[in-house]
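In the block that follows, a single chain appears as structure tokens, in the form predicted on its own.
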């Protein structure tokens, strides 16, 4: 039996802002179900966690954390969920805020968190065999393990794994913060120094025993300087300890037969009839004409460029003008220019396109359950979960072959294909593939249904990915 400690800035069901929170919520409980390992997770104790779960948490104890010249209180709380023990690092100055990220002092907040994780191990009486940290917010737990705690016999045997979920976010700070904020001196500074400043993600890549990312294709793509946002030389230097393991989806949360958000639940056997009712409910909610003789395309995404929004906004007018039997709904928020453009297009095509600016998890589930096609033309996509959820719910994905999209969705004109795929990052190429999907939907409904059903039966569960992680842990 191994002792494994996940270190992350978010995890379902306690707090999540995106895919990383879903991963850190699903993977530990799957590891517990698939093995006899002792798996635990440590997170910041945010205001949102306290408001929703505070009454059910157990106080473990407190200590003082020395962060450069600062000495700060650190309380530890505890909860158990799905066989996994969760710890929460409490400090109201750092974490009692409305936002999880985006604060002016995020560097200091997550430096405190990284140091507190290691200082808390004696308090919780749990020294792990493996510390598995996720993204730059947890990078300092890996760095401090090697630097500040490297000579402590209690910490020397701990192996570290660092997972990059999205390399766009690296934790970059100016060099003058090395000593004053992070407490780095001498050779410690060299570990985090990069391109004239501090780069915490770079430091974790250098310090960890194993490096993973969230799909095999993305692992290969990160060798490229553009995709790695300037960290290509560091990735290539550490290539021997790197691998890509495709994420899964939590089918306890995403299960169309039991999902409490859906208008009508369904199984593979009842999908045709019940999904038609869900489609009508979505059309009505968005203010579209309720028609079954149209194909309904959906997007659920952050409205930013790397999600392919420039392709969508370039192509959508021509597509809707020429394809009168198409409706589309977009759920998301992000860049104002894309929000504004989509709202204008919705006004221009009120019976074909509707846009919901914002995010509503329940509505997202309903859209998955009623859409015929799901568009995901990302410029870059480390893994992506939406394409897997869509296929699992019967919305056939249209994806660009990049990152985890390529690893999870094969074209339906190939053996065992469950979607429509393209590679060239071009609005016309994307439009051609949308039209290819539309033609199959109308001209060969039995073939389309076969693709849909195959997607619903594809194994996207975490069990497959968890076994890859178990092998990695065992090798360490």
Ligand code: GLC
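The structure displayed is predicted, hence computed values, not measured ones. Positions refer to the first chain, counted from 1.
Unshown form predicted in complex with this ligand; subsequent notes refer to it.
At the 4.5 Å threshold, heavy atoms of residue 302 reach this ligand in the model of the complex. Among heavy atoms of residue 247, some come within 4.5 Å of this ligand in the model of the complex. When contacts are judged by a 4.5 Å heavy atom cut-off, residue 384 counts as touching this ligand in the model of the complex. Not displayed here, this ligand is kept clear of residue 312 by more than 4.5 Å at the level of heavy atoms in the model of the complex. Taking 228, 166, 217, 355 one by one, only a single residue has any non-hydrogen atom within 4.5 Å of this ligand in the model of the complex, and it is 166.
Contact with this ligand in the model of the complex, judged by any heavy atom within 4.5 Å, is made by just one of 400, 279, 307, 202: 307. Heavy atoms within 4.5 Å of this ligand in the model of the complex map, among the stretches 375-383, 136-144, 83-91, 154-162, onto 375-383 alone.
Annotation for 6-35: interface residues with this ligand in the model of the complex are 19, 20, 23 [heavy atom within 4.5 Å].
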